[in-house]
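As a starting point, one isolated chain is supplied in structure tokens, in the form predicted alone.
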């Protein structure tokens, strides 16, 4: 007799939403896969969440409707959740539990790995140091994404985070290494409409051929929402560290993931933490985010862009707050810029890339990169401050110098940030930035080294020299 068939028990102790309570059975462990056979003969898979002395709690990947507690059988499988992996997964679409949903047969597996994974050992980590071009000026120039970094996007309800995610997937590349670049896109708790939007956008742009897509719909089981990012990251680890590819992982929406954690915690009657979320949410998020990075001696890398929706645009909400602690910066979307019709509506002042300096400069991007970004921040911040004064005293009371900074802020938003769906190379973004300074004398560019002013601002430099001689 198959030894797996002998590792089973009959009957359930109870059902609570998506959870089933099973009588205790020797040798079971958290994360273990189970198969539940109903009295009618249908089989539903699940995963053990908790093993206690008096009961075992498991969550099913399918609905618990129609299950009879007395006539059901539970079979215990000697493994945790795993995923069969192959390079042929590129260009394919899967459910949140790793099942193909693109009407094609499963890829021929090259490897099979457990999806739980673990964070990269800090001792084995290599320092991120290479620039990833997203084609978005506000990111590439001012909040540079570095290979191996975790850089989340903080969005709000109704803001175009989906459109921004599609644009990043379509345009992102490691300059000079495009052939070894892959993207893993995982969506959690999205609607059918959003799912159709993502697939159509990837297919029409040609980005699907280098992308592995995992889709978990809002109507899918809650436990699948927990599995989806782990499926995506396991695939990324295979492509990066076994196939030597540079992988960008886009996870959206992590707020739906955290809501699933809260739902499961409530079903298990756990003591809630901040705003009802489980106290282990920080650890859980870190377990996912810290799977990004580079391993010393390995050619591949994993870079993450998690996207989350801040409830009520509150950046201090636990999801955004904890994500900010774990990751290396944030890209913040602005409702005010969105109302002005600016896309992408990235507010560069609260945005930050903590690893930016590791991926820019001579030999990586351009030698004037850091100075140029600093000068834009200084001018734009001053222009934003003067807007508040203008609202009080009126434009006529402003000095000519103040009006220059107000004009810079307006031009920066209208022509620089507002690039639409068209991508820009880093060189284009930097040249456009220099054009923004045309209304200022070279002496006003206090954050830029004199040699870069002479190289990229020659006309204005000559005019100032002529004026001083007269």
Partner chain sequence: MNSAHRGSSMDTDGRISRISGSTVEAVGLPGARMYDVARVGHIGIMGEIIRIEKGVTTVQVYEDTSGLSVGEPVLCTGQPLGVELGPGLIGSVFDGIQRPLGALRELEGDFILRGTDVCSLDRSALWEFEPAAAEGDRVEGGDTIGIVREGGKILHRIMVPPGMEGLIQDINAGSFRIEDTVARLKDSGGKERELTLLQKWPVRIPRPCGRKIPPDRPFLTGQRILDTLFPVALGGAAIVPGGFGTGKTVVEQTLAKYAHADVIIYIGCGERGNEMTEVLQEFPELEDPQTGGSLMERTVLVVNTSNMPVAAREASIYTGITIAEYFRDMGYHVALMADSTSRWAEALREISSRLEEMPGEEGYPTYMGTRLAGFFERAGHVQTLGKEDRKGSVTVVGAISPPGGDFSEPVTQGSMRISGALWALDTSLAHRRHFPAISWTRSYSLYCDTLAPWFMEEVSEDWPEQRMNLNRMLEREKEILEMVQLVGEDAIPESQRILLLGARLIRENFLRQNAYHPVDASCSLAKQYWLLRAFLESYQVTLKALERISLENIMSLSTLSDLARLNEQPDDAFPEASREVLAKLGGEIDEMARQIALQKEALEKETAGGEAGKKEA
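Positions refer to the first chain, counted from 1. It should be emphasised that the depicted structure is a prediction, and the values quoted were computed from it without experimental measurement. Take the two forms, superpose them, and find the largest set of C-alpha atoms that agree within 1.5 Å; that set is the rigid core.
Note that the form predicted in complex with the partner chain isn't included here; everything after this is about it.
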Please tell me which of 104, 199, 398, 367 lies within 4.5 Å of the partner chain in the model of the complex, judged by heavy atoms.
398
Which one of 50, 35, 411, 435 is close to the partner chain in the model of the complex, taking close to mean a heavy atom within 4.5 Å?
50
Per contact check vs the partner chain in the model of the complex (non-hydrogen atom within 4.5 angstroms), the hit among 183 to 191, 223 to 231, 319 to 327, 104 to 112 is 319 to 327
Contact of residue 92 with the partner chain in the model of the complex (heavy atom, 4.5 Å)
no
Is the gap between residue 439 and the partner chain in the model of the complex 4.5 Å or less for some heavy atom pair?
no
Using heavy atoms and a 4.5 Å limit, would one call residue 99 a contact residue for the partner chain in the model of the complex?
no
Within 4.5 Å, heavy atoms only: does residue 140 come near the partner chain in the model of the complex?
no
Residues in 117 to 137 with any heavy atom within 4.5 Å of the partner chain in the model of the complex:
118, 119, 120, 121, 122, 123, 124, 125, 126, 127, 128
Is there a C-alpha shift of 2 Å or more at residue 263 between the shown form and the other one once the rigid core is superposed?
no
Do you see a C-alpha shift of 2 Å or more at residue 397 between the shown form and the other one, with the core held fixed?
yes
For residue 388, is the C-alpha shift between the shown form and the other one 2 Å or more after core superposition?
yes
